[in-house]
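Here we start with a single chain on its own, the form predicted on its own, put down as structure tokens.
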Amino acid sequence: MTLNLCVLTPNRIIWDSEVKEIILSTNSGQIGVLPNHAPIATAVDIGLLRIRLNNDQWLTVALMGGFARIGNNEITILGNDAEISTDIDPQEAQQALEIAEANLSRAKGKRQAIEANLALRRARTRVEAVNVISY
């Protein structure tokens, strides 16, 4: 038995295929989804989406928040942005992380600090996606 997973962003379809399992970062922690999971709608946090393919290989996606709807063995994730780990340039991701860290340390005022912190979380997620070890 499989799940139909569709990951969408405003600009493109990231994934639309059958999978065995996913692990999703939500605002209240990670959840694993297998076939026949109880219906749920949840906010998605900035973090990794792990996808177990039908050949038992794992695919990692850097997901930048959004919403997910799970039900009837169908998962739809509407993400603010997302990148499959193999599409991320490791050097560029590391440079973006260093810039985000520097920007956070230079942030003046509450608004700049919040924006810099979000940029840092996004940059860390991209680096984690590149460096994740397959199960």
Partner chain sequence: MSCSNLTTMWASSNLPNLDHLSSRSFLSPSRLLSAAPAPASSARAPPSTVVHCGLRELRDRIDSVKNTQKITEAMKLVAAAKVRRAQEAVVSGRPFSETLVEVLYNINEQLQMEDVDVPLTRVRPVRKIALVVVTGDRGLCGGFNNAIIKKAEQRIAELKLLGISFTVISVGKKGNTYFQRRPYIPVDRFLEAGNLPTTKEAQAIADDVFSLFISEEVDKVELLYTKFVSLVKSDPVIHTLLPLSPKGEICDINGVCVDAAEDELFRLTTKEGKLTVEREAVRTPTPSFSPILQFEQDPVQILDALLPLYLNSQILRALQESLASELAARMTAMSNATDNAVELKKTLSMVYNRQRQAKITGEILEIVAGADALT
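Since this is a predicted model, take the numbers as computed values, not measurements. Positions refer to the first chain, counted from 1.
The following text describes the form predicted together with the partner chain, which does not appear among the structures shown.
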property: The single option of 78, 102, 84, 53 touching the partner chain in the model of the complex, heavy atom within 4.5 Å; result: 78
property: Distance check, residue 124 to the partner chain in the model of the complex, heavy atom within 4.5 Å; result: no
property: 4.5 Å heavy atom contact, residue 106 to the partner chain in the model of the complex; result: no
property: Residue contact check: residue 58 to the partner chain in the model of the complex, 4.5 Å heavy atom; result: no
property: 4.5 Å heavy atom contact, residue 34 and the partner chain in the model of the complex; result: no
property: Within 87-126, the residues that have a heavy atom no more than 4.5 Å from the partner chain in the model of the complex; result: 110, 111, 114, 115, 118, 122
